[in-house]
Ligand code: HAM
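Only one chain comes next, encoded as structure tokens, the form predicted alone.
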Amino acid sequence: MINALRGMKDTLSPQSEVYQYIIETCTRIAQNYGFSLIETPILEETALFKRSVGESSDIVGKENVPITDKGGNDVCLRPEGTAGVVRAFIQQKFDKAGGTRRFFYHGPMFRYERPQKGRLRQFHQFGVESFGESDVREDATIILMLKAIFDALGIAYTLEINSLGCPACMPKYRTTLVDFLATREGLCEDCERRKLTNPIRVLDCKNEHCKTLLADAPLIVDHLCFTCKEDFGTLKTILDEFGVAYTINPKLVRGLDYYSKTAFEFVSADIGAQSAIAGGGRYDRLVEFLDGKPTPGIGFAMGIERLMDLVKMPQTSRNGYYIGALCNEALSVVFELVDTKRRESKVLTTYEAKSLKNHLKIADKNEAKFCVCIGEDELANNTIG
């Protein structure tokens, strides 16, 4: 017997209904905020993620799913959605056209990591990307949109925010952090690698020993330039005005290299150690990194599988028709009636004659609102029972 690959699974009813409900809810709210759907290929050049996500990221360094195609090209299954959307944004020359563009996307992503609850090798994300707006109010809007989604799904959360600085203040902070890290011995292998590639990622280490060693590490929030400090203050003020509770997590750096300024995560206490259910932030230099015209950007992504056990599904009511034949002679009439009714409503049927009792059982199991049965008497009288 051939089974699904490790870390990949099928989604069947009733879980498929939960998945569909999440996507439909996210889509409706994103469209209310002025975002439109974009679909990008599952397969992209590996260089896209090396240049955007960063080679220091675990996604590229350890979790990438590489493929060499027949032309000898280095490609991979997409590990996240933002890079592909930015690539499309540049390819369509939207960066040169100016203005604001807002997109949402959903679909499968792939990372070769150890499967665990809420973390698969093939998983699904819903995300949004906004280009062309540098005002911090756009940051607040993105967070408010995500809050609206979780409120609509009935998911409890806490919000963590941080500022990662900008090219004006990050270099000086980086030097300060590197000097501090040079005094710490016994960091894990990942942290030793990150010290040389992207030191701020060290603060994101989940190793308990590293957490102890880094407890008194210098923090970016204490080294922000005037503009970053002012923007971060404005963000906090807006969240306060809208009654959005949050905590400042000065060690929140996110897992990707392209973030700057605002960073945020929505966290759930109901899914164990993997507590982040959505996150994102600002990436004002990413378009430029990928050879586009400098364009500010911000977005978020959420893992659908992590949400599926947390969603409060709405109460469903019976709907649609079940139409069945009580005798073989009625099968063709039933088939024709089913085809007609399906143009206006959900209709289920079977392709064999059954007793009324069995038809009622099937209709009840499928939560049909109406059960229609046609037999000899109905054929003779040209009626429906």
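Keep in mind it's a predicted model, so treat the numbers as computed, not measured. Don't overthink the numbering: it's just position in the shown sequence, from 1.
Beyond the structure shown, there is the form predicted in complex with ligand HAM, which is absent from this document and is the topic of what follows.
Site annotation in the predicted complex: the residue of Cys191, Leu239, Met302, Met145 reaching within 4.5 Å of ligand HAM with a heavy atom is Met302. Partner contact region in the predicted complex: 280-288, out of 224-232, 280-288, 157-165, 203-211, criterion any non-hydrogen atom within 4.5 Å of ligand HAM. Shown alone here, Tyr258 lies within 4.5 Å of ligand HAM in the predicted complex, counting heavy atoms only. When contacts are judged by a 4.5 Å heavy atom cut-off, Asp139 does not count as touching ligand HAM in the predicted complex.
Using a 4.5 angstroms threshold between heavy atoms, Arg254 counts as touching ligand HAM in the predicted complex.
Taking non-hydrogen atoms only, Arg119 approaches ligand HAM to within 4.5 angstroms in the predicted complex. Along 119-134, these residues reach a heavy atom to within 4.5 Å of ligand HAM in the predicted complex: Arg119, Leu120, Phe123, Gln125, Val128, Glu129.
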